[in-house]
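Shown here is one chain on its own, the form predicted alone, set out as structure tokens.
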């Protein structure tokens, strides 16, 4: 089973837009048991699009093309593929009516050029797009003039915007792939998400206990992120589910509370779930992270049930007026200190009457450090009804990464406390 992906868009080649399709599509396909053999990004030109499609059809059973289905002059994918395959385009009146209704609901006049999205190649199946105006298209290329023996290929065209492409792939394309090209053997792909432990340390703990399962066909993979490590287990065959379950149990026993979730779980969501379960509340007092922790928490649906406030106190004056940090503490120890972060957390918790308060202060750089407090110095405090805990890591990264790692460390401190550790 050969799957290839072609991502079109000159904006990708110029670096104006990040190509998130390549990661997202490969992940969805891999989780379902299909490995992408080849993936390319190409410009919006006739020569590039037709050459890439011709090459993929010469090898692949299933070809996915993204982008170029819109109404503007650089949206050429539909027309060029139809030309390559010798398929005439016809106006689909159902799509055209849907486009007119789309604009009418918004009280806007529809540009006539929009109707190009209702042009459908002969023999194509239309994939509905409830999140935009450009429908997807599915073609069966049989006989395939580019493949030895004319062997059949499926060609899928999807819109470029992620908010349109992703739902369409999950609702239409993935079920089609599984129906038309079912896997020969059962397949399990499971990811355990960890934090607070490095990639090599995680592997060192689990490698030995998992060795008998690896000998039986278990595949292990690791992916390090800022502040977290994913451990991926892949199994195939009739015993895939039981082998994966045994492997997960071993990993959890060896890594313990470092495992915070599975698959696409994120640490902020885990923390919100734990607080919600306990009906407890949180307040945040941030300096060096500038509200990044609050941003991550509020990205989680249901966060309003647990987060009372996020206070960004970047200046010393704000720390004093909003968090009751004492002037003499700042004078004696400085804004980046254990004493200050303790008072930040305790002041925030007292003023908002929260169950928990997280506070962070540090030196993100690239300037502002000293021999005593170099760039990357961080103090993180967690205030509870019983005590205030303080961490003092050193996060020597660029400013953006500094915020990500510090946020991860703060949330992990809270998660461990919620788990009773």
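Numbering follows the first chain given and starts at 1. Quantities reported herein were computed from a predicted structural model and do not represent experimental measurements.
Same protein, other form: the form predicted in complex with another copy of the chain, not shown, and the subject of what follows.
- When another copy of the chain is considered in the model of the complex, residue 37 lines it closely, a heavy atom lying within 4.5 Å.
- Not displayed here, another copy of the chain is approached by residue 301 to within 4.5 Å at the level of heavy atoms in the model of the complex.
- Among residues of the shown chain, residue 46 is not one whose heavy atoms approach another copy of the chain to within 4.5 Å in the model of the complex.
- In the model of the complex, at least one heavy atom of residue 290 sits within 4.5 Å of a heavy atom of another copy of the chain.
- Annotated contact segment (heavy atom within 4.5 Å of another copy of the chain in the model of the complex): 306-314, selected among 253-261, 325-333, 91-99, 306-314.
- The putative spot formed by 19, 59 and 232 is fully lined by another copy of the chain in the model of the complex; each residue has a non-hydrogen atom within 4.5 angstroms of it.
- The single contact residue among 382, 363, 354, 42, judged by any heavy atom lying within 4.5 Å of another copy of the chain in the model of the complex, is 42.
- Taking a 4.5 Å heavy atom cutoff to another copy of the chain in the model of the complex, the contacting residues in 1-31 are 12, 13, 14, 15, 16, 17, 18, 19, 20, 22, 23, 26, 27, 30.
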